[in-house]
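Okay, so here's just one chain, in C-alpha cells, the form predicted on its own.
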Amino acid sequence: MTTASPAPSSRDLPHPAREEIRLEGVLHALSDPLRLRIVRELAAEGVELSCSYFDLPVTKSTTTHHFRVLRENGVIRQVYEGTAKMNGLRRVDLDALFPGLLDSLLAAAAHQAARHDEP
C-alpha cells in the first residue's frame, strides 16, 4: 500500500531540485559576507537552525532576503516547524554536484576570518 504525500501547504517554501542547482547560483549566494556567515554557522553547528538563531546586523526584511537567496539557489533548505522557520545546509546535494566546493569555500572563509579577526 502506498501513502500519498501530504498536499503542500501555503507555508511550503519552493526549493530547487538537486538537478536544478547551478554553480553560478551557488557562488552568487555565497558571494555576500552575511550569507556566507549564515552558511558557515550552519556548517559549524551541523543541525537545522531557526532564523532567530542568527544575530545579523541587518533588518528583519534584509535577513529574510538573505535566507531567500540561499534557499532559491539551493544552498539551504527551509522548512516550518510550528512557527519557526528552520534552516539546514544542503551539504549532501552540494557535495554531490560540486565535490569539494563547499569544504573549500568554508576553509577559505575561515582562513579569511582568522586573518581579519572576524566571527
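Note that the coordinates shown come from a computational prediction; the quantities given were computed from them, not determined experimentally. From 1 onward, residues are counted along the sequence shown.
As for the form predicted together with the DNA, it is not shown, yet the points below apply to it.
This chain appears without its partner; in the predicted bound form, the one residue of Leu94, Leu36, Cys51, Leu42 with a heavy atom within 4.5 Å of the DNA is Cys51. The three marked residues, Arg77, Ser104 and Ala109, fail to reach the DNA in the predicted bound form, with no heavy atom of any inside 4.5 Å. In the predicted bound form, the DNA stays beyond 4.5 Å of every heavy atom belonging to Leu27. With a 4.5 Å cutoff on heavy atoms, Gly46 does not count as touching the DNA in the predicted bound form; it lies far away.
Taking the DNA as it sits in the predicted bound form, the stretch 75 to 91 comes within 4.5 angstroms of it through a non-hydrogen atom at Tyr80, Gly82, Thr83, Ala84, Lys85.
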